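Here's a solo chain for you in structure tokens, the form predicted alone.
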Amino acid sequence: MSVVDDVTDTPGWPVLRRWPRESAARAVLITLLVCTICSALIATVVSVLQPYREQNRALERTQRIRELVAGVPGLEDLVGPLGSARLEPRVVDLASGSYVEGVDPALLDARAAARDPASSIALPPGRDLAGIGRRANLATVFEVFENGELRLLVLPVHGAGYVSTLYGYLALDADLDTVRGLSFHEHGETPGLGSEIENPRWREQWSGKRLRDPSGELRIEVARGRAPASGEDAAHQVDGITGATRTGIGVTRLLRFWVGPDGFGPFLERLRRERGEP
């Protein structure tokens, strides 16, 4: 006698016992009953384990973010110790300024995307302030939250220097206008001249500078020579690098490009609108 026969011959199955054992309807009903019981058991197990699954996913995501920050040169310097803060990498569509779901920030290669006409746009000379030729359609930004409030926004930036392409990160305070820091992690500028963009004393000057003046005009720049200690320009300028004027011009241009309309401008404007700012 089969297992099914043993089950159906037990008390509690009177309907099935009246059907012939060779009946197709009897076999179908038994199959449906077994499937229903198994489905209920699976649903119960999934429901019980769901909180543990979510917890494991959160831990995995936190670990991936930590690995991502540690693996990106220059990023950890700007973000610093997170403590109770939470860092979220997000993929942004630069044209619309909207977040893009379904794309893993850790797997997005903006450099490769910029070389592919299908995932980038060509910049006409009049708009290519950074001298990059093509701009990828998507970019990864890093948002630092504390107590549910945005505290820091880190944007990847790059552009032509004197003899190389400069790659770095621009960190903005929650007002999206005050610079927290600027860090270049890759370049081929002249040692002792253009390479001074890595000098901590020069980098420290960026903290507290403003991107725009009260009228909304982009004013951030590297001065030609010493930046003024006071006056209207003092809020937007840092010292030029002696003997590396063209590197300084490149830094100015790439910053203005990436916070402008062809860079992260639409994204920054959307964030301001959502916060009710003009």
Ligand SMILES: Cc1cc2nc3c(=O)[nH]c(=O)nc-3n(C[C@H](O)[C@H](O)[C@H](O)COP(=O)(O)O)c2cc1C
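All values derive from a computational prediction rather than experimental measurement. From 1 onward, residues are counted along the sequence shown.
Note that the form predicted in complex with the named molecule isn't included here; everything after this is about it.
This chain is displayed without the named molecule, yet in the predicted complex the stretch 187 to 195 from 142 to 150, 172 to 180, 98 to 106, 187 to 195 comes within 4.5 Å of it by heavy atoms. In the predicted complex, the named molecule sits beyond 4.5 Å of every heavy atom of residue 220. Contact check for residue 252: no non-hydrogen atom falls within 4.5 Å of the named molecule in the predicted complex. At the 4.5 Å threshold, heavy atoms of residue 36 stay clear of the named molecule in the predicted complex, well away from it. Using a 4.5 angstroms limit between non-hydrogen atoms, residue 242 touches the named molecule in the predicted complex. Residues of 202 to 227 include none with a non-hydrogen atom no more than 4.5 angstroms from the named molecule in the predicted complex.
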